[in-house]
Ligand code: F6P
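Only one chain is shown below, in structure tokens, and it's the form predicted on its own.
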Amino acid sequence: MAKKPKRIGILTAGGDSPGLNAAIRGVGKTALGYGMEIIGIRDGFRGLVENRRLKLDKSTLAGILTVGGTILGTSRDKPHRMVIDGRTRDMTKVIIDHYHEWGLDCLVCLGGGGTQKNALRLHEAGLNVITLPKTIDNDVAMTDATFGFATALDIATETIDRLHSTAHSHHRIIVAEIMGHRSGWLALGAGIAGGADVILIPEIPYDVEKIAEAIKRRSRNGTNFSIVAVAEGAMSRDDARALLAAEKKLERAKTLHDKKEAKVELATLEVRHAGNTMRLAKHLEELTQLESRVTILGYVQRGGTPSAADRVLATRLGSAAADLINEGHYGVMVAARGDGTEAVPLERVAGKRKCVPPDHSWVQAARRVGTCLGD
């Protein structure tokens, strides 16, 4: 009796990222080579709940390697906390039921930190799950790199390159806000590659007076313009201390009232941080007497054709995922490790974040070439 071919489902979750289609193709074409069937699930975990799927075959996978975004669509829905008909509900059981009704042998989830946590919950609920690390922030734990980062880094660097001529011509401070809410890999890498004079990242709280002094020192030396690359999550030392205190307060809270109070305090700090880049630029203008302008890159960093590096990485990780499925190895994230890959248990990944270490070689290199990091 012929052995039933494995059937796998694949979905993309969280924010879109360059290289998602390359990863879908990498998984799909390798899996087809093993004789597997591939079901594409639309719009992340919501599609798994709402029974929205399509068959992926050679014709569907053809021509998508260079296409940005994701042919499957995506969403930020969480299986255990999904809004259905205006109410937040735990849809884990529905997902499990559909997984079995569709005859799936494995669910492949392409996503960032939140997706790793959601995948672990489904794995603990009894499903065979494999994940791939995707995010332009490069902050997924236990992997050397995430696909999407290299493309976003190229885009952010090109933006800084273009800002130099305007800053020089008008003798201005130009502040470029780059994505990175809790990690500064993108701002740090683009700042170094683009020759930014100041780089501000969440991992190194800044002192605005020291930034202003570095800019004024450039002026005294005959250079009357500066480029400031700032991660959206970068904050002053005072704000960082307030945030840390609020987080510790939440950890210590024992009663519901105390927890609610701490959460309100955290939310207030986050609201206050919105627009921080604009306030920073205004403050620098006041301190240096140089005109300042702000450029916010926003979602342009996520879009467009993936770079060659991201296509290669996504294909490597995707094909390795299909190999693991063929071997029956589940409950892991396929991590990039040197020139190869490594299957890392989801328990070691979920809930963790890869931040920039203060002594990282990139940080050291930035300091050595005279870049101000705000501290």
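All of these numbers come straight from a predicted model, not from anything done at the bench. When you see a residue number, it is the position in the sequence shown, counting from 1.
Missing here is the form predicted in complex with the named molecule; even so, the following discussion is about that form.
Asks: If we define contact as a non-hydrogen atom of the residue within 4.5 angstroms of the partner, is E232 a contact of the named molecule in the predicted bound form?
Replies: Output for E232 is yes: heavy atoms within 4.5 Å of the named molecule.
Asks: Residue-level contact is defined here as any heavy atom of the residue lying within 4.5 Å of the named molecule in the predicted bound form; does P133 satisfy this criterion?
Replies: No, P133 is distant from the partner.
Asks: Quick one: is W102 in contact with the named molecule in the predicted bound form, heavy atoms, 4.5 Å cut-off?
Replies: Residue-level check for W102: no, no contact with the named molecule.
Asks: G191 near the named molecule in the predicted bound form, any heavy atom under 4.5 Å?
Replies: Result no; G191 lies far from the named molecule in the predicted bound form.
Asks: Answer with one of H181, R81, K216, R241: the residue that has a non-hydrogen atom within 4.5 Å of the named molecule in the predicted bound form.
Replies: After the contact test, the surviving option is H181.
Asks: Of the options H98, H273, H164, R302, which one has a non-hydrogen atom that comes within 4.5 Å of the named molecule in the predicted bound form?
Replies: Going through each option in turn, the one that passes is R302.
Asks: Within 4.5 Å, heavy atoms only, one stretch in 249-257, 217-225, 192-200, 173-181 touches the named molecule in the predicted bound form. Which?
Replies: Selected range: 173-181.
Asks: Can you tell me which residues in 137-151 come within 4.5 angstroms of the named molecule in the predicted bound form, by heavy atoms?
Replies: Residue within 4.5 Å: D137, and no other.
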